[in-house]
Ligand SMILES: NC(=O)c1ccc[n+]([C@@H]2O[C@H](COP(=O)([O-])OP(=O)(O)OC[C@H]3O[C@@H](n4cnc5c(N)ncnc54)[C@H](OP(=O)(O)O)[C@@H]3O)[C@@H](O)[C@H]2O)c1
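Take a look at this single chain in structure tokens; it is the form predicted alone.
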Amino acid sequence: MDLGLEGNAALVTASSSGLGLASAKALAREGADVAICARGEDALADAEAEVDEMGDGDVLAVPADITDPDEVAALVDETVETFGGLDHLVTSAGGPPSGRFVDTTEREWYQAYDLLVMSVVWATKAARPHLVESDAGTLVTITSTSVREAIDGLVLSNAVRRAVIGLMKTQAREFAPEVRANAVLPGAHETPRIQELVEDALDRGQYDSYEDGLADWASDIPLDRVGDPMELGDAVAFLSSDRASFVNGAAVPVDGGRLRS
């Protein structure tokens, strides 16, 4: 299916690895020009090469900290200047630290809010005028299934990410009809984070093999496997495309059916 994204300009935040990188690669595969960002320049250079291999569009890699509003604004400005506009914004962010409520410090709450919520606020404030000017303006926010069902030991993700869904729902009404806003709710995907967690558990003797660890992560998923990050990226690309032109204000789980709500 041709998603009609060839020649469009897209920006994906926090996109040097994991689901952000997969989203950038999926957009590039559809022919879009794609801007990516990350704090680590080495990881960013590697990601740039991966995205560039996916399609014939241009790739822009910008070192940026998404918890710094000035750097976010500069990132959007450089994207627009390089590509001549901006059609699609995808907001991604690394996960906050795991932990229980009783062990979480006040400072960690503020840091999680900047990472998960304010990064989206700053990016959309800077991008909105350009998305409105586009004939294809879209916003897709990558969150987590924790916005629907709390996950044990992830109090920051459970609590703070829900604000992003309220923000997206508001934007879907305020920005329409010029810009559509949606969210994806990823479940377990074989990202570097899950790979690290499985390997750590393997070192502790919790599993006999890496495959056993992945199987454990998939134990409550009806499709009986964890996701490939590109499957999430494909959902992001679809929501960014005109093929999803009547999808607005949706929070779409991409979790193999694990959510029961």
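Numbers for residues come from their place in the sequence shown, where the first is 1. Predicted model, so just to flag it, every value in this text is computed and none were measured.
Separately, the form predicted in complex with the ligand exists; it is not shown, and the next lines address it.
J.: Okay, which stretch from 163 to 171, 85 to 93, 101 to 109, 121 to 129 lines the ligand in the predicted complex, with non-hydrogen atoms inside 4.5 Å?
T.: Selected stretch: 85 to 93.
J.: Taking any heavy atom pair closer than or equal to 4.5 Å as contact, tell me whether Pro192 reaches the ligand in the predicted complex.
T.: It does: once the ligand is placed as it appears in the predicted complex, Pro192 has a heavy atom within 4.5 Å of it.
J.: Answer for Ile66 alone: is it within 4.5 Å of the ligand in the predicted complex, judged on heavy atom distances?
T.: The answer is yes: Ile66 has a heavy atom within 4.5 Å of the ligand.
J.: Indicate whether the ligand has at least one heavy atom within 4.5 Å of a heavy atom of Ser15 in the predicted complex.
T.: Yes, Ser15 sits close enough to the ligand in the predicted complex that at least one of its heavy atoms falls within 4.5 Å.
J.: Even though the partner isn't displayed, in the predicted complex is Gly187 close enough to the ligand, meaning a heavy atom within 4.5 Å?
T.: Close contact exists here: in the predicted complex, Gly187 approaches the ligand to within 4.5 Å, heavy atoms only.
J.: If the criterion is a non-hydrogen atom within 4.5 angstroms, does every one of Leu5, Val59 and Val80 touch the ligand in the predicted complex?
T.: No, the whole trio is out of contact, none within 4.5 Å by any heavy atom.
J.: Here the chain is shown alone; which of Ala235, Val51, Ala38, Val198 has a heavy atom within 4.5 Å of the ligand in the predicted complex?
T.: None of the other options qualify; the answer is Ala38.
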